[in-house]
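Only one chain comes next, encoded as structure tokens, the form predicted on its own.
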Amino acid sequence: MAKEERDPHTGYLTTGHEWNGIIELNTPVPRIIYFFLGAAFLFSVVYWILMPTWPLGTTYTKGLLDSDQRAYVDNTIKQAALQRADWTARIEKENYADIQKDPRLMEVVRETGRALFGDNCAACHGREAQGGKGFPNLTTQSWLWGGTPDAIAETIRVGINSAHPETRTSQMPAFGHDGMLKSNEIDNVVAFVRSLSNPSTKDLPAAKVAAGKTLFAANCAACHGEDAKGNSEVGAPNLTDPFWIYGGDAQTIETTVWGGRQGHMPTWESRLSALDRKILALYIVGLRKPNP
């Protein structure tokens, strides 16, 4: 048994343990610890008495305050539903223009739409709706099927090349793969298309651009229009602006013309209510920025 010693500086007994000349003191527990332990115990006793706490087989102690968290949550949900019913009824009933003029309703649209977009659309279009390769940037003025709230809501409803019976259908032919254009003709078309979206490009021989213009009129204008500004009736993009879904460099455009493109967007009719689709359409329109 270790001999008891008292530390001459603090007056505390030692434990008899020593490490490299350091002697362990038998320091008492600080009184503040006992205070907090007692306070915690007292709080527990009071809580047990006042609140629902102890299970009693098929029931539980109700507590003197008769507090019911389940009833509180149910009531909170009911109150939220009543508050929601007011603005949801207005959004369902009013047209897009009137909703856009109402700051309070648009505040709700932005808040609710942000959550809907993040849960359903951000996986493809990105959290900021700026798209990526193969997925359109929704913050621009360039839209395949029209950028009005009505048009956007309809696209959300039926999708593009989706399983919906009323889906928007879009298919760009594979001009090279299917032998409709030869390689040198595709090069000319690519040169012409690049000249439309970036007139300052310096590596475009005038002869190739002129030949590409003729080929474009014969093969591409039916969908993209004679002015190449697109056609929202068939989902043909505007080729004169700086916005590209797959990329606007020479190699990517050549790949597009050679092999064709067929975008896909799922139908959301069975997954989102008409109200949610309307809110999403308004939210997306609100993200739009002026063209550079």
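The first residue of the sequence shown is number 1, and the count goes up from there. For clarity, every value in this text was computed on a predicted model and none was experimentally measured.
Unshown form predicted together with heme C (HEC); subsequent notes refer to it.
This chain is displayed without heme C (HEC), yet in the model of the complex the stretch 167-175 from 167-175, 84-92, 70-78, 97-105 comes within 4.5 Å of it by heavy atoms. The contact residue chosen from Asn219, Ser162, Thr112, Ser195 relative to heme C (HEC) in the model of the complex is Asn219, the criterion being a non-hydrogen atom within 4.5 angstroms. Under a 4.5 angstroms non-hydrogen atom cutoff, heme C (HEC) in the model of the complex has His125 among its neighbouring residues. Among residues of the shown chain, Gly235 is one whose heavy atoms approach heme C (HEC) to within 4.5 Å in the model of the complex. Gly131 falls outside the set of residues with a heavy atom inside 4.5 Å of heme C (HEC) in the model of the complex. Using a 4.5 angstroms limit between non-hydrogen atoms, Gly63 is distant from heme C (HEC) in the model of the complex.
Using a 4.5 angstroms heavy atom cutoff to heme C (HEC) in the model of the complex, none of Ala210, Thr240 and Gly259 count as contacting. Contacts with heme C (HEC) in the model of the complex, taken as any heavy atom within 4.5 Å, map within 177-210 to Leu181, Val189, Val193.
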